[in-house]
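Here we start with a single chain on its own, the form predicted alone, put down as structure tokens.
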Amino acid sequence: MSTSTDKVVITDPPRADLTDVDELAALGVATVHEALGRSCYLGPGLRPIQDGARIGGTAVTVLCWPGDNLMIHAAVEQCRPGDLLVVTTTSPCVDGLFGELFATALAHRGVRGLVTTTGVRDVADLRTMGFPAWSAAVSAQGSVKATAGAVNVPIVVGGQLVRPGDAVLADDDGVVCVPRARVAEALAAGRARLEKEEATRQAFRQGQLGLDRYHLRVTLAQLGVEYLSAAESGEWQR
């Protein structure tokens, strides 16, 4: 769904800095999501059609009508290098609104990938050409080009607001959208979390338990968890 029902194409919205977006993408979706207080995640319904892709880009948002990809055609013209197309519909739709021909046109313009709440098709071709996509479905179902929607307006994906120019990050764990105004915050928090995770990784390699690293023995005690030997528990007599 969208926050706007206008039939409009917004041209050249401000975008997050690509250098910052690339660093966020390198941190990874899970790290950025956790670093921002477990926020900005677009939900488990968006799955990659390929394995191992890790990308970031600036959002070009598209609002289509179900079964209609007219506004994706309009959006291609608004894309520039470093962008990532984010598509949704006015009501649920998993038809194959996007395929190899769109990917060819977008790759020519330097677009890094696609995130869509709809379906995609030509997935073998997309994988071969190295155009990454995250979608709600894979579907051969065709579409029409008949109904006006909008390009570069705020849209809602997985309960999260996605604005044109926001930083969108996608990898095997899913997709997050970092608001343009929070990119600096996300970078600082993400770097700190990465350092913390590396320290924990080293501790685990040396044999430390998560129970001790995270002080979870106290939590278990507070929750009334008891440690009993097998003999004390009586399990061996059953």
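As the structure is a computational prediction, the values presented were derived from the model and not from experiment. From 1 onward, residues are counted along the sequence shown.
Missing here is the form predicted together with a further copy of the same chain; even so, the following discussion is about that form.
- Using a 4.5 angstroms threshold between heavy atoms, Leu209 counts as touching a further copy of the same chain in the predicted complex.
- Contact between Gly82 and a further copy of the same chain in the predicted complex is not found at the 4.5 Å heavy atom cutoff.
- In the predicted complex, a further copy of the same chain sits within 4.5 Å of a heavy atom belonging to Ser143.
- Using a 4.5 angstroms limit between non-hydrogen atoms, Glu195 is distant from a further copy of the same chain in the predicted complex.
- Interface residues of 105-135, taken as those with a heavy atom within 4.5 Å of a further copy of the same chain in the predicted complex (partner not displayed): Ala105, His108, Arg109, Arg121, Asp122, Val123, Ala124, Arg127, in sequence order.
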